[in-house]
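Form predicted on its own, single chain, as structure tokens, below.
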């Protein structure tokens, strides 16, 4: 369907109609390196993470909802594997029944997390506007792109280190002929590092740094994007929300999982 629409509407449709293109196009704005394309020329630019975010136009209402959905999906993807969620839906985490058996419960949970996430963000922005003024939802919501980027990096780091090995192996010998296109020696995919007591603290430290750094960047961006406020207390609701979100993200990384 995506291919058909891209052919009918042109490649430009992907930037607005294909959700992964839209999502990663937004997240990429947090990167410290980016390309500026002017006609046939392209320049490699660098700057502090989030520099591009400060130059973006305010998010439209649909984009605000989309960004909140991206945050909610990442949050629930970690939440649904916790013992707490398994107990909540009446499942034994030590005897998983498979995702198909809990599809309804997880779908309801995802929608609930999405509505809660959107409500808390909009509520914090509205409260900040009432107590201090100077807030606009579209610009301030851009700061949450940093959180989305950090959550992606932390949440999928282990998958990158595990499933990424299959990708490297496939690129090195895509035709299974024994050749080495990347110049790598033959190797076997291994997950043994996940049981290494020296390696796991390093992985968790990287995840911790990604989440904490993303939230700190989001606070800085939020302060800049909010503009001049009449009272400093206007920033308090959004700051409290981001601190709470940081705690939740770190808890999801450290708590027991069934997956």
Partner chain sequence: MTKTTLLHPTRRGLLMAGGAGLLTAALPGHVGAQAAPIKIGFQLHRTGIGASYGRWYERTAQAALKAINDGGGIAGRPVEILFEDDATDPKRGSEVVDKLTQSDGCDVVMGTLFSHVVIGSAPRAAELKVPYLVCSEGYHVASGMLNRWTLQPGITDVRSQIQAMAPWIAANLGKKVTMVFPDFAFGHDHRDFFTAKMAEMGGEVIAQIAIPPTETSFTRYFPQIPAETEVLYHVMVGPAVLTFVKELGEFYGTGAKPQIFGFIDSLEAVDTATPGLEFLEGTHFWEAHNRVKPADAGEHEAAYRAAVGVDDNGASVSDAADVSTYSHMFSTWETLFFLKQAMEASGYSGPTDRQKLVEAMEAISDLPYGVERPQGAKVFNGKTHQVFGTQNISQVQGGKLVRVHQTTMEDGAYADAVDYTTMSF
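Remember, predicted model here, so these are calculated numbers, not experimental data. Positions refer to the first chain, counted from 1. Definition used throughout: the rigid core is the maximal C-alpha set that superposes within 1.5 Å between two forms.
The form predicted in complex with its partner chain is left out here; the points below concern that form.
### Query
If contact means any heavy atom within 4.5 Å, which of 69 to 77, 96 to 104, 125 to 133, 139 to 147 contacts its partner chain in the model of the complex?
In the other structure, the partner sits against 96 to 104.
#### Entry: Exercise: residue 14 in contact with its partner chain in the model of the complex, heavy atom 4.5 Å
Although its partner chain is absent here, residue 14 would touch it in the model of the complex, with heavy atoms inside 4.5 Å.
### Task
Check whether residue 239 has any heavy atom within 4.5 Å of a heavy atom of its partner chain in the model of the complex, and answer yes or no.
Result no; residue 239 lies far from its partner chain in the model of the complex.
### Query
Can any non-hydrogen atom of residue 177 be found within 4.5 angstroms of its partner chain in the model of the complex?
Within the cut-off, so yes.
### Task
Decide whether residue 193 counts as a contact residue for its partner chain in the model of the complex under a heavy atom distance cut-off of 4.5 Å.
Yes, residue 193 lies within 4.5 Å of its partner chain in the model of the complex.
### Task
Just give me the residues of 197 to 224, first to last, that have a heavy atom within 4.5 Å of its partner chain in the model of the complex.
Residue within 4.5 Å: 197, and no other.
### Message
Quick check: residue 181 between the shown form and the other one - does its CA shift reach 2 Å or more after fitting the rigid core?
### Response
Shift of 2 Å or more: yes.
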